[in-house]
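Below sits a lone chain in structure tokens, taken as the form predicted alone.
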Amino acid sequence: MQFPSPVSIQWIADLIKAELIGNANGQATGINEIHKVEPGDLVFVDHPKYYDKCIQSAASFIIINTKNVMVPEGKALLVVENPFEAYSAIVKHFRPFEPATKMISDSAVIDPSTVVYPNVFVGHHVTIGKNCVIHSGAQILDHCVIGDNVIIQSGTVIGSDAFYYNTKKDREVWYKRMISCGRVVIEDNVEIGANCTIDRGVSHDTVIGKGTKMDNLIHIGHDTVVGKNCLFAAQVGIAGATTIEDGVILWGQVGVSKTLTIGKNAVVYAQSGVPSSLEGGKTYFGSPVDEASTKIKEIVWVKRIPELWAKVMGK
């Protein structure tokens, strides 16, 4: 999430009651989670396992629960007892909850050429471009951006909260939801089928690239970036912070794990499971996936096991 304008890091420290160590004259431009940080961003960390990763990341300001770390030149630590609660306080200040009072918010900007069917919900600060068709029962939640010539079928939810939790097993409630302050950005000429769900970024954008087409019953996780001209068949599920490059085809019921990359023009056959990154320009199959030609040969040999065993046993 980008702030409306740069904010003094000393002001942020006062807001969350943090001890400021390092660059006290810095200006924070936004807050982000570790997978998406950029220079000028705040990030939080509350586990020693990830201290170094956060401090050495692109983030300029680190909300942390220890002083016993080195501070790189130009960066600053904001030391608090509970970094997660500090993160939440910042998000709530800059992106306060606004309850809906009508089906289409007065703050939504919708081009006059777009057709919005009855019973569509459009939240606060949504932008919808030219010549779109939004079918009955679709929901476009706060701060989402829809480009031109987009079709969204009935029952689809754009901008639902990320499935992303701060986990601590030494407290009564183990999983505490991180407030989702990111957006969903749907680029031009995208078509989204019925009953799809596209989660907003935790603190950045979930993006569906220009010209991509999605069938029914598809889920896209938080902070995932889908490239241009991709094609997803029904019941595809993609986890958070994943990158799907241009021209990728995922056939029905493909499952894709988090924080990986599928390269340009890759094809993954139906009911495959993708646990790690895939090189572009190839065709894949299976769970876990392998190149389709290799996987099909393996299946042929597996089917021959009873025959081969019988020969070994002399039967």
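Predicted, not measured: the structure shown is a model, and the values here were computed from it. In this text, residue numbers run from 1 along the sequence as written.
Only in words, not in the display: the form predicted in complex with another copy of the chain, which the text now covers.
**Asked** Is F121 one of the residues lying within 4.5 Å of another copy of the chain in the predicted bound form, judged by heavy atom distances?
**Response** It does: once another copy of the chain is placed as it appears in the predicted bound form, F121 has a heavy atom within 4.5 Å of it.
**Request:** Check whether I146 has any heavy atom within 4.5 Å of a heavy atom of another copy of the chain in the predicted bound form, and answer yes or no.
**Result:** No, I146 stays farther than 4.5 Å from another copy of the chain in the predicted bound form.
**Message:** Even though the partner isn't displayed, in the predicted bound form is G129 close enough to another copy of the chain, meaning a heavy atom within 4.5 Å?
**Reply:** It does not: once another copy of the chain is placed as it appears in the predicted bound form, G129 has no heavy atom within 4.5 Å of it.
**Message:** N265 versus another copy of the chain, in the predicted bound form: is there a non-hydrogen atom within 4.5 Å?
**Reply:** Yes.
**Prompt:** Taking the partner as it appears in the predicted bound form, which of 68 to 76, 201 to 209, 150 to 158, 83 to 91 has residues with heavy atoms within 4.5 Å of another copy of the chain?
**Reply:** Looking at the partner contacts, the answer comes out as 150 to 158.
**Asked** another copy of the chain isn't shown here, but in the predicted bound form which of T283, T261, Q27, Q253 has a heavy atom within 4.5 Å of it?
**Response** Result of the distance check: Q253.
**Item:** Residues within stretch 236 to 254 having a non-hydrogen atom within 4.5 Å of another copy of the chain in the predicted bound form
**Value:** Residues within 4.5 Å: V236, G237, G247, I249, Q253, V254.
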